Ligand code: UTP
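Quick setup: one chain, the form predicted alone, written in structure tokens, and binding and motion questions come after.
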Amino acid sequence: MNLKEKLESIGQSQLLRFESELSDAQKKALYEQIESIDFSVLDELKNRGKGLKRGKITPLEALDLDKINAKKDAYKETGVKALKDGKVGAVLLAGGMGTRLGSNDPKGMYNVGITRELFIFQCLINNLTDVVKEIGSYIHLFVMTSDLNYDSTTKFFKEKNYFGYPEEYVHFFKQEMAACCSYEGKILLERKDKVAVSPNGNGGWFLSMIRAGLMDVINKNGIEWLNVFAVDNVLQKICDPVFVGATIIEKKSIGAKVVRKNAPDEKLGVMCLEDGHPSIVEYYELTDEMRDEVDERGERVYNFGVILNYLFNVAETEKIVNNSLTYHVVEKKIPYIDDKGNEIKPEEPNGCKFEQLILDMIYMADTCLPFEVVREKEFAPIKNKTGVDSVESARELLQKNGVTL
């Protein structure tokens, strides 16, 4: 069955609508892109608008600061050994752009400095270098980019000489993409020679690493743990020895850094158990009763928000990915070309994107350790240019932690 017949058989022949107008090079690129599409994600459209049915939510006890400090020496000793032995790598999720910050560049290229240049990527490399200096050995860093920003990100790192980090320890890879479709399940074209696609969500990081061939690097270097973190938190500790050691000693397959919420309705997902599995309940899913529930000490039990800094056991994560993650259907405004080849930029949602989420990876794991950190020292997210979780608030926290801007 050739490509045209295959598309006709699954009702997607519109993808070749403009084939006769394309050059040979354009045809080749379009054919290759179509061949790479996972059409099975379209089966998830049946769940559009329904949301996933949640199981029974109950509290999951966190390893709070008092408990961490009581065993800190043991945790740190174990973590330092694992890091020195090369058993821990770092994965930076950096596929996004700085659009909300008023930038057309990758988010990590944003300059948070005031009197000097200090880029988000630079902050993160500096944070990783602090640990490298502490343990006396380098850590492999895997940087997940996207189709949108791979070239500019890799070029930027080279221009900046990797901010002093050895090039051979930095590995770039692209996040897998998922096709975008109309509400009727027809995959959209972005151009006559290009399918409309979008990144497959933060839960796609490990599968993207596998498909990029990076398991060879992981296996060759004996890496057993991967510290996965988001690009936008400029204060976070990466490959934190105490965090690593605690996850290992407490025999958990995943560690999750958490902070105490500064208000019951703060927009952070919180760690919990769902039908006995470790899970995350989003802030908008918390009922008033759950927000107000307290333990025997009078402290709120759903009070530890995740900051997208996780430690995953590689062997356990391979099992999770092999069991296949659910795709979430997200309604979005998707630019496309219509039947006549006109470019359309919709003002309202007109179709669906498909995303896998880290919270589903956590739910599929056997165990997870919520690990409390001091938010003023490790949580300075940059989501907006001004206001809450902004460049302004991050700068203030960086300065409080002794960083010269």
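Owing to the predicted nature of the structure, the values given are computational and were not obtained by experimental measurement. In this text, rigid core is short for the largest set of C-alphas that superpose within 1.5 Å between two forms. In this text, residue numbers run from 1 along the sequence as written.
There is another form of this protein, the form predicted together with the named molecule, and it is not shown here; the text below is about that form.
Stretch-level contact analysis of 161-169, 272-280, 95-103, 77-85 against the named molecule in the model of the complex, using heavy atoms and a 4.5 Å limit, identifies 95-103.
A heavy atom within 4.5 Å of the named molecule in the model of the complex is found for one listed residue only; from 132, 290, 314, 230, this is 230. 199 is the sole member of 199, 255, 89, 245 with a non-hydrogen atom within 4.5 Å of the named molecule in the model of the complex.
Taken together, the three residues 107, 175 and 383 all come within 4.5 Å of the named molecule in the model of the complex, as judged by their closest heavy atom. For the chain shown alone, residue 268 is not a contact residue for the named molecule in the model of the complex, no non-hydrogen atom being within 4.5 angstroms.
Residue 234 falls outside the set of residues with a heavy atom inside 4.5 Å of the named molecule in the model of the complex. Although the partner is absent here, residue 120 sits far enough away that none of its heavy atoms falls within 4.5 Å of the named molecule in the model of the complex. In the model of the complex, the named molecule lies within 4.5 Å of some heavy atom of residue 308. Contact annotation for 117-150: a single residue, 144, has a non-hydrogen atom within 4.5 angstroms of the named molecule in the model of the complex. Residue 231: CA moves less than 2 Å between this form and the one not shown after rigid-core fitting. Once the rigid core is used as the reference frame, the Cα position of residue 212 differs between this form and the one not shown by less than 2 Å. If you fit the rigid core between this form and the one not shown, you'll see the Cα of residue 379 move by less than 2 angstroms.
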